[in-house]
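Take a look at this single chain in structure tokens; it is the form predicted alone.
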Amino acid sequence: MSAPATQAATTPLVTAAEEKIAAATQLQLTWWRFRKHKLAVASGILVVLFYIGAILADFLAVTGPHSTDAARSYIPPQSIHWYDDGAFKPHVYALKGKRDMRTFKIVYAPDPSDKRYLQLFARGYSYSFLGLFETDRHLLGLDRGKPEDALFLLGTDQLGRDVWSRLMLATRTSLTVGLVGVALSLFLGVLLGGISGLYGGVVDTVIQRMIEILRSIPTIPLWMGLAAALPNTWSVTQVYIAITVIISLIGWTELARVVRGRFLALREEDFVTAAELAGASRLRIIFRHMVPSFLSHIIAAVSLALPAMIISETTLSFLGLGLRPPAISWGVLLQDAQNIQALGIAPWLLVVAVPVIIVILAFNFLGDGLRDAADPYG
């Protein structure tokens, strides 16, 4: 037998890599393609870190978020000094107050003679960890003295409240509002859009007219009307839930339109007909057979809806129409930056806008990568 014939006989028709791909599940193919999108992976890690920070908000805070002291208003962010006498000993200088004879206000300045060393897992204010047990351990604290007297990583606001600690609690509130809101919008959008596209006829007409009515109402006046309808006697928790539901009821219409269009194209497919002949219910056909076939479209819509939900809550609260003090969210914290005079005195209050921008960009990059990865054959 000739050499070329022998080589052809011994060369496998299918390589190991091709065989691995052929035997892979949809989830494995999605993950392999998603890993190649470096920016999406980095954004996904960033989003996970933000949600871990939201879960551990009380642990990461250094002082009570509602702990006020008007005498310490508008203290600028402190510098952390990492070395002391050539040794790695992170510390801050305690603040020493003296009266400004021109304004007669107490002005705080760092006192280099009084060093307060940072301490990991230090004791502070008490809180309920994940609702499981009470603890007073925090990631950062001081070796002596109270953190609220000397530790201000991002400065203080007008009432002397620590901006870093309030930012941690605000992150938890804003991110969970977005997450819960998108979950409700996703369910309503897929359910009503699926029913509209699958049934057609009168059902489709009613749902589409309802969507058009909701989309025709100006957003800001609608928010103002709904927010004004909330009783002033409601607790922070009740307002929190109401705002989440309101944002969800407004945000499901666009996803429903996308789902309806895809269902109109898919309902005549053979696999839908086979499911109907097998006796599958309408809900099973929607969620088990039709939705997975255009998962990439849903991921794209959700990746845009989640940052939109976060922006909606932040905007509502910033305008005073959403969450209200004593609730803490990104929008509530940004209210302090509305006053130009206060902003000129304490520009660090705008630091709250930084996590908002980072999270919105991270969600968009993550959604872009997931959208491409969800269609591994494309």
Partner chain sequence: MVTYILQRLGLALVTIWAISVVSFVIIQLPPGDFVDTYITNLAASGSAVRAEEAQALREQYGLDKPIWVQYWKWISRVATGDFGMSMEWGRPVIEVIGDRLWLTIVISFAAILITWGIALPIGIYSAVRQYSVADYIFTFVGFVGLAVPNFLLALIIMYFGFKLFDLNIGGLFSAEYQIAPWSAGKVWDMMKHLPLPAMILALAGTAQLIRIMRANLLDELRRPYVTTARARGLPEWRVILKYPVRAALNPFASTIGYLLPFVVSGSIVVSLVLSLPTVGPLLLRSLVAQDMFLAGTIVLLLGILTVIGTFLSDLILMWIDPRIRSGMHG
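Superpose the two forms; the largest set of C-alphas matching within 1.5 Å is the rigid core. Positions refer to the first chain, counted from 1. Here the structure is a predicted model, which is why all the values come from computation and not from measurement.
There is another form of this protein, the form predicted in complex with the partner chain, and it is not shown here; the text below is about that form.
- The partner is absent here, but in the predicted bound form a heavy atom of I220, alone among A278, I220, A71, L132, sits within 4.5 Å of the partner chain.
- Note on contacts: among A229, A87, L120, A109, the single residue with a heavy atom within 4.5 Å of the partner chain in the predicted bound form is A229.
- For the three marked residues, E212, L321 and P347, a heavy atom of each sits within 4.5 Å of the partner chain in the predicted bound form.
- When contacts are judged by a 4.5 Å heavy atom cut-off, I80 does not count as touching the partner chain in the predicted bound form.
- Taking the partner from the other structure, the partner chain in the predicted bound form has a heavy atom within 4.5 Å of a heavy atom of Q338.
- Contact annotation: S216 falls within 4.5 Å of the partner chain in the predicted bound form, judged by heavy atom distances.
- Among residues of the shown chain, V356 is one whose heavy atoms approach the partner chain to within 4.5 Å in the predicted bound form.
- Of the candidate stretches 124-132, 204-212, 183-191, 268-276, only 204-212 contains residues with a heavy atom within 4.5 Å of the partner chain in the predicted bound form.
- Shown here without the partner chain, the chain has A353, V356, I357, I360, L361, N364, F365, D368 in 351-368 lying with a heavy atom within 4.5 Å of that partner in the predicted bound form.
- Relative to the superposed core, P218 undergoes a Cα shift of 2 Å or more between the shown form and the other one.
- R257 is among the residues whose C-alpha shifts by 2 Å or more between the shown form and the other one once the rigid core is aligned.
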